[in-house]
Each structure stands twice: as C-alpha cells, then as structure tokens.
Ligand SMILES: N[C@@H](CCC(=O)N[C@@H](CS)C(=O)NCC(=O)O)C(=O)O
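Only one chain is shown below, in structure tokens, and it's the form predicted on its own.
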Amino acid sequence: MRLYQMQDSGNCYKPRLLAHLLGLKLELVDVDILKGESRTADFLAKNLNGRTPTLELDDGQFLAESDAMLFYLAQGTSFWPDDTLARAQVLQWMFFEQYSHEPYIAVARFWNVIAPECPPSMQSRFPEWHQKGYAALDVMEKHLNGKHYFVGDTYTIADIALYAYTHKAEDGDFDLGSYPNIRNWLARIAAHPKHITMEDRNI
C-alpha cells in the first residue's frame, strides 16, 4: 500500500503507527500541502478533497480520512473489538477526536510550529483553541481515571486516533502537567514494543 502524507501531520501518523503495529508495509509518498501539492490535478484525482493522508490500496483504490484508514486496517485485529458495544465506544471516541479534539489541539499546533507564519487572524483564535482543547483534555482525563485505555482493557484504534495529536499537544502550547491520567496513558502507548514515533520513517 502507498500512503500520500506529510511526515509531521498527526493525521498521517495514525495509519503509519497502526500499520507498523500490525507489521504492514507502507510506501510513503510525501505531499507538501504548504506548497499546494495536494491541490494538483493529479492528487485531486486520488482524493477529491485535496487532503492528506490518502491511502492507495493494493488494488489501486484510494481511501481518504485518517480514521477511516484506521478502521480499514484494523479489521480482523485486536485493535478493532469483537463486542458490538465496544465497537460503538471505539467509534464514539474517534468521533470525539475529530469533532472536539483535533480541531483545536491539532490546529493550534499547526499554526504554532508547522505553518511558516501565523497571520493575525489565526493568532487571535488561540484563546478559543486553548479553551476548547483543554475542555477535550478534561474529558479524556476524567475518562482515563482508573483505565489503561479508552475502551476496555485493550489498545484500540480509539487510542491511536487520540494519541496522534495529544502527544504533541505541547507544540500548540497546551500544558499537560495537570493531566496525570493522560500522561500515564501516553507513556503506556509509547511503551508498546512495536511503537514508532511521528518522526520515524522506518515502516
């Protein structure tokens, strides 16, 4: 399979991490969104939304959206539960990540450390991103009290979805010092013997 991606994107990190955990090989094709490379006619033929990551499957079909890739790759593995309620809970946290978490924690990180410059219109939004990002972290902290993972006692794609940007939250000037449950969970994910970092390309 081939992954069209940006190395420092949390959304692109998600399928890379899961693929490595499962022993799946991915060919990485870098796409620089800052230079408009995801808006070319060639790329738009792969993903009409013009975004990374985009996963090219073995049969030549393309799949967009990072959490959809997690779902696809996790089928038949321990990262996707057998129990119907547990599956729904995994999806619950993945929807939470995309609606209540990523739009604030990831966006603050993007404008703080990835974008070449942050215009005043974006700078003025940092207080809102921090307010809503901390609200998401508060929910996660309370949920993780007494728990090892987000759903049951098993590492699932819900954890991968939330780990991708939470472990880089400080890049967006979020302070995780008052979130011991989150910090312990982050350490637990990173301690997996097949874990790779966001910077790792050896997959």
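Note that residue numbering begins at 1 and tracks the sequence as displayed. Only a predicted model underlies this, so the values are computations on that prediction, with no experimental measurement involved.
There is also a form predicted together with this ligand; it is not shown, and the following applies to it.
For this session: Only one of Leu176, Val139, Val29, Ile33 comes within 4.5 Å of this ligand in the model of the complex by heavy atoms, so just point that one out.
Result: None of the other options qualify; the answer is Ile33.
Exercise. For the chain seen here without its partner, which of 50-58, 131-139, 153-161, 167-175 has a heavy atom within 4.5 Å of this ligand in the model of the complex?
Worked result: Correct option: 50-58.
Exercise. With a 4.5 Å heavy atom cut-off, would you call Arg39 a contact of this ligand in the model of the complex?
Worked result: Yes, Arg39 is a contact residue.
For this session: May I ask you to check whether Ser100 falls inside a 4.5 Å heavy atom distance of this ligand in the model of the complex?
Result: Ser100 lies outside the contact set for this ligand.
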